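One chain follows as structure tokens, the form predicted on its own.
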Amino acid sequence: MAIDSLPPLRDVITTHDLRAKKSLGQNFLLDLNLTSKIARQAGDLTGHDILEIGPGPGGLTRGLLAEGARRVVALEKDARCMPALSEISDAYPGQLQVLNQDALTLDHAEYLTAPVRVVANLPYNVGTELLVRWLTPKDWPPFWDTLTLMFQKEVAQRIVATPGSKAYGRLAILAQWRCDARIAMTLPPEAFSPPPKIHSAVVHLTALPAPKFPADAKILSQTVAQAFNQRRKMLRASLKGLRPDIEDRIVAAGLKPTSRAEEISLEGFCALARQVAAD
């Protein structure tokens, strides 16, 4: 079933000679019904500006516009994709702006008008770094309301992981402290061209008005990073560089100094960060 009047993606790729580049982390989704399904995971797009990273030949871009996005700002570093994206812009006058710009340095206020949702099939080589930046802005709430992002399935599992699991770590704490996070759908390798060697998953994160538990963001991040950097060690050993009396502070947070990072809940880490910050 066609979602718009534009050619099928396989024809677009052939016409513009858009072979995926491994150096750019490109794996193209060619099924427009599937890209529309991903777009729907972001919820009602009407009345929202959408930030998309790495649109490539524009499969997800077309899905977002077909699902009613007010406007899409797409960041694409591969100049080869510009003619294909220009054709989409012509089909949706005034609704698509394509920038040959780096997502890590974008001034969001210059191009996006609230409310904003981020929807992207992220390049695997920068996906986690982008997510961490979006989860750790200077001010909260952030510029975005929701993030609907495709990752390697292993990374997606780390985002939604719970205490006691092997996937549980810093990424789970950062994501779940300020967001509700869930895996919305999974995709097999054969959904992409070329097929990657791994499965993929779409994660949906909704920004909360305030963090679930009080803590200083910088100290929480530092505490969690140090705890999981030596995740097999007991807290009293892995965190000994934070404070001279760290064992007393661990106890004051209601935790056991002999516990390991993977056993500590989000609430426990926030309590510990407050104790680390205390005079």
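All values derive from a computational prediction rather than experimental measurement. Note that residue numbering follows the sequence shown and begins at 1.
Although it is not shown, the form predicted together with a small molecule is what the next lines describe.
Scan 51, 29, 42, 227 and let me know which has any heavy atom within 4.5 Å of the small molecule in the predicted bound form.
-> Of the listed residues, the single hit is 29.
Have a look at 160, 135, 84, 122 for me and say which one sits with a heavy atom within 4.5 Å of the small molecule in the predicted bound form.
-> After the contact test, the surviving option is 122.
Heavy atom to heavy atom, is residue 172 within 4.5 Å of the small molecule in the predicted bound form?
-> Contact with the small molecule, no.
Would you check, heavy atoms only and a 4.5 Å threshold, whether residue 201 touches the small molecule in the predicted bound form?
-> It does not: once the small molecule is placed as it appears in the predicted bound form, residue 201 has no heavy atom within 4.5 Å of it.
Give a yes or no for residue 101: in the predicted bound form, does one of its heavy atoms lie within 4.5 Å of a heavy atom belonging to the small molecule?
-> Yes - in the predicted bound form, heavy atoms of residue 101 and the small molecule come within 4.5 Å of each other.
Does the small molecule come within 4.5 Å of any heavy atom of residue 75 in the predicted bound form?
-> Contact check for residue 75: yes, within 4.5 Å of the small molecule in the predicted bound form.
Stretch from 101-109, 181-189, 160-168, 204-212 whose residues place a heavy atom within 4.5 Å of the small molecule in the predicted bound form = Stretch 101-109 is the one.
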